[in-house]
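Presented as structure tokens, the chain that follows is alone, the form predicted on its own.
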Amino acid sequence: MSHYDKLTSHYQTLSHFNHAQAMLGWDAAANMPSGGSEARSNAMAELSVHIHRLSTQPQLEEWFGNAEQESLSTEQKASLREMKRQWQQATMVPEDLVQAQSIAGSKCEHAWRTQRQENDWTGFEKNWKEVVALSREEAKIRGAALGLTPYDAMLDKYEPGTTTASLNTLFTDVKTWLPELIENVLEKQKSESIILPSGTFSTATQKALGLEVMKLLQFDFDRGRLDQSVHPFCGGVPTDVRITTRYDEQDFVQALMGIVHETGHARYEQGLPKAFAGLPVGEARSMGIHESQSLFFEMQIGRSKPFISHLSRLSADAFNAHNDPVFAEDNLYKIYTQVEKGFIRVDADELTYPAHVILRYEIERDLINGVIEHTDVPALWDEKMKAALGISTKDNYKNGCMQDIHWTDGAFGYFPSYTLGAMYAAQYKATLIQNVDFGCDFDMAIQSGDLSPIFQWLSDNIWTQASLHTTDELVKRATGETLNAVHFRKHLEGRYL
């Protein structure tokens, strides 16, 4: 057996344990009773340690060195690169830190589910203090190994090749035009009348409606399912994708579009190449690329006029409300493109969303680099929300700095992926519109109800490419250029002005 073959066998074994860990995480969020938290945290910590040990076995260094001397195909070289990247990431962090982070993160996240509802910053802060301290320790270790600043080292986990310098440039530019665009759109929409949903929309009916929309988006139900959780997410593995949403029986709008968003994540996972199943090269390229799929589904497809026409018909059928003006196409389109300055990121409209992301980026960047302390976050959050959107979160922790799940388990460096994903998604659509060779007019494909030509382009250019290329190479091969934020601005101006 060649050393390359030994490595592929080893990483496929690792993938089985990661599969089990993913399912334990999904169950903790969707099904587990509160009393199971401590035992589950310990079990997941034990599994994390085992995975870390497998990832850092001493013979791997020799295997990598020997495999690099073997005659490999272009795809095998890419696979070796991605295996080595994961190995290097794993060997940077000591085992005791991995275990401590898993325990602290599980404890903080589980308590947060109650503490957020109770606006309990004091209780949350006690747990989060440990998460932040351990994340800083990890960031310093990774930064020293990679020759990066602590925060850049954390970015590298989620967005290989992305740096604070590039994000500062990108987001500073957005901040020069976004506030004015928001104000102009708010002024424009003042004259529009919108009929908002009223009444009771049962969870069961909302779920049934969501399943119909997932069928329209060609979700493979033989390899995935829809459930309910406090915070919507997509988890599992490509052969068993688990997506969740949360329901409000007074308003079906958010849950429905949340399902569209998570289905985008899921279709990417289901579309990853089977030939590289269980190997790092067969995984999603980056979190930004992953978000580009969910946001392409939600923003480029889901909130388009032709797709809203499908939602109008399906939702009126589901709620037996064909004569209710709420479900009229024009009214639903206004609802789904309504701009409003709000507290909650996951409920934010497409236009104000980047402001939420930039705020989080600036805070977590300075927190991990040691410029600020975790106790400074509530006041900074309030200050930045007032500057960006003109609203205050003073003493409103549950709708301020405690609203997201990501920081509870130390996922620092993740938030920029959301706006990067929105930018990539706009660039994909611009490419599809310009390139008629893909076989169908974009809006006509959606209107017809057969979105196959669009999904085929995504499959050919994004899904089946997995991590065969760097992020820049992937995007350039698909669109002819690396990330160009001009497409994002043009998309927003075209839709909202």
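Counting begins at 1, following the sequence as shown. All values reported here derive from a predicted model rather than from experimental measurement.
Below, we turn to the form predicted in complex with another copy of the chain, even though it does not appear here.
Heavy atoms within 4.5 Å of another copy of the chain in the predicted complex map, among the stretches 425-433, 451-459, 60-68, 22-30, onto 22-30 alone.
Using a 4.5 angstroms limit between non-hydrogen atoms, Ala39 touches another copy of the chain in the predicted complex. With a 4.5 Å cutoff on heavy atoms, Gly400 does not count as touching another copy of the chain in the predicted complex; it lies far away. When another copy of the chain is considered in the predicted complex, His469 lies well away from it, no heavy atom lying within 4.5 Å. Although the partner is absent here, His231 lies well away from another copy of the chain in the predicted complex, with no heavy atom inside 4.5 Å. Between the options Asp222, Glu118, Glu192, Glu187, the residue in contact with another copy of the chain in the predicted complex by a heavy atom within 4.5 angstroms is Asp222. Residues from 43-81 that approach another copy of the chain in the predicted complex with a non-hydrogen atom closer than or equal to 4.5 Å are Ala43, Glu46, Leu47, His50, in the order they occur in the chain.
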